[in-house]
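Only one chain is shown below, in structure tokens, and it's the form predicted on its own.
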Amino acid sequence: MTYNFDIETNKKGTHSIKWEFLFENGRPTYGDHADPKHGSARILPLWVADMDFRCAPPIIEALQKRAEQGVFGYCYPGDSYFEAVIDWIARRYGWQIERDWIVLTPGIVPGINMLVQSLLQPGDKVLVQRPVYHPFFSAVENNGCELVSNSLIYENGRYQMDFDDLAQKAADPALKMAILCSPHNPVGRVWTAEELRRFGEICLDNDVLVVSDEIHCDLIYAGNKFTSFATISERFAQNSIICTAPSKTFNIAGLKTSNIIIIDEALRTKFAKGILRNGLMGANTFGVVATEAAYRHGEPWLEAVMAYIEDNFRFMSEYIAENLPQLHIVQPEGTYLVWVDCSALNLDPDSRKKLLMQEAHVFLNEGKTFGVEGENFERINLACPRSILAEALERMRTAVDALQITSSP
């Protein structure tokens, strides 16, 4: 089956966070700023990790069939749902999990918040690897714990883990948990099995529990191989919690469904109590249907969408090399997000935001939101029709060219 990812779907009236909201001081403001009626002044959103593509047809068909039933009462998934999740993980990652290990949550971010609440005490320390997905910060700090960064090393345009720093910080008895972003958002690294092994051994040696956010695990560029942290060894599996979801893979984030895999029964019991304490029983009716359809029938669509995203990346790389040499792309190995080094523009984050939003009318993710290590960067979402990407890049080129002219002596 062929899929047309070049079509720009109409988001008007969908209450899309990406297309119909702007944010100032963290507060959302609804508007029509991205409406095509504004022409070259419309704001093109390439920020939040949300695809612009229509879902795989089997997902749409399954949801339509469910909607036709007309009854949307309380829901909990049955055997077929769990079988689909188990089969997907076994087929793609060679990991045979058991049904009892799976705990449902309405998204990985709520799941990580509840893991911190349920498994840690106020004042405990939690390690992250900045620049990294910023909701990790609030999950730690809003639940009374202390954030510690084992910041990644950025050398020669590539990111690596700092294992010496990790060993030093893991030795602190107050450090109880490490949140691993794998594949890494925003820098796009797909950690090798050896890197994961070194990370895991340090955590094991210091009794640090690993929470591995693997939400982007299906979005891997050709030539790279994803390894789930728990598959490295049985010891790692027992000392880890694996967070998975179909949301990024199949563009169904709004259906609020994720699967947290916990092998250790004591940890799983504590987490389950935390879920009850937050009143989050049951599941999203449509999320259950969409997840099962995606995992059973969505693979051909996934292969096609990743091929399109890789083509978008090649297009972007060539364009920037020819027209925006001031920018440096960090080569992604996974995700549909690209981390771009803007340091050569010699702009502070606020000035760069003004240039992009007010001059280019392009809405990107500000690098500083991923930690101080990201202040010279922007994150760009490639999961959009190529026409939108091309227009955004051309606008950026025009804005940067004008900046260079005005700053010339």
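In case it trips you up, residue 1 is the first one in the sequence shown, and so on. The structure presented is a predicted model; accordingly, all values stated were derived computationally and were not measured.
The discussion below concerns the form predicted in complex with a small molecule, not included here.
**Student:** Please identify, from 73 to 81, 245 to 253, 306 to 314, 194 to 202, the stretch that has a heavy atom within 4.5 Å of the small molecule in the predicted bound form.
**Tutor:** The contacting stretch here is 245 to 253.
**Student:** At the 4.5 Å heavy atom threshold, is residue 239 in contact with the small molecule in the predicted bound form?
**Tutor:** Contact check for residue 239: no, nothing within 4.5 Å of the small molecule in the predicted bound form.
**Student:** Indicate whether residue 109 is a 4.5 Å heavy atom neighbour of the small molecule in the predicted bound form.
**Tutor:** Answer yes; at least one heavy atom of residue 109 falls within 4.5 Å of the small molecule in the predicted bound form.
**Student:** Answer for residue 117 alone: is it within 4.5 Å of the small molecule in the predicted bound form, judged on heavy atom distances?
**Tutor:** Outside the cut-off, so no.
**Student:** Residue 49: heavy atom within 4.5 Å of the small molecule in the predicted bound form?
**Tutor:** It does: once the small molecule is placed as it appears in the predicted bound form, residue 49 has a heavy atom within 4.5 Å of it.
**Student:** Counting heavy atoms only and using a 4.5 Å cut-off, do 339, 378 and 381 all touch the small molecule in the predicted bound form?
**Tutor:** No, none of the three is in contact.
**Student:** Only one of 133, 101, 159, 88 gets a heavy atom within 4.5 Å of the small molecule in the predicted bound form. Which one?
**Tutor:** Spelling it out, the residue with a heavy atom inside the cut-off is 133.
**Student:** Within 4.5 Å of the small molecule in the predicted bound form, heavy atoms considered, which of 293, 126, 181, 139?
**Tutor:** Selected option: 181.
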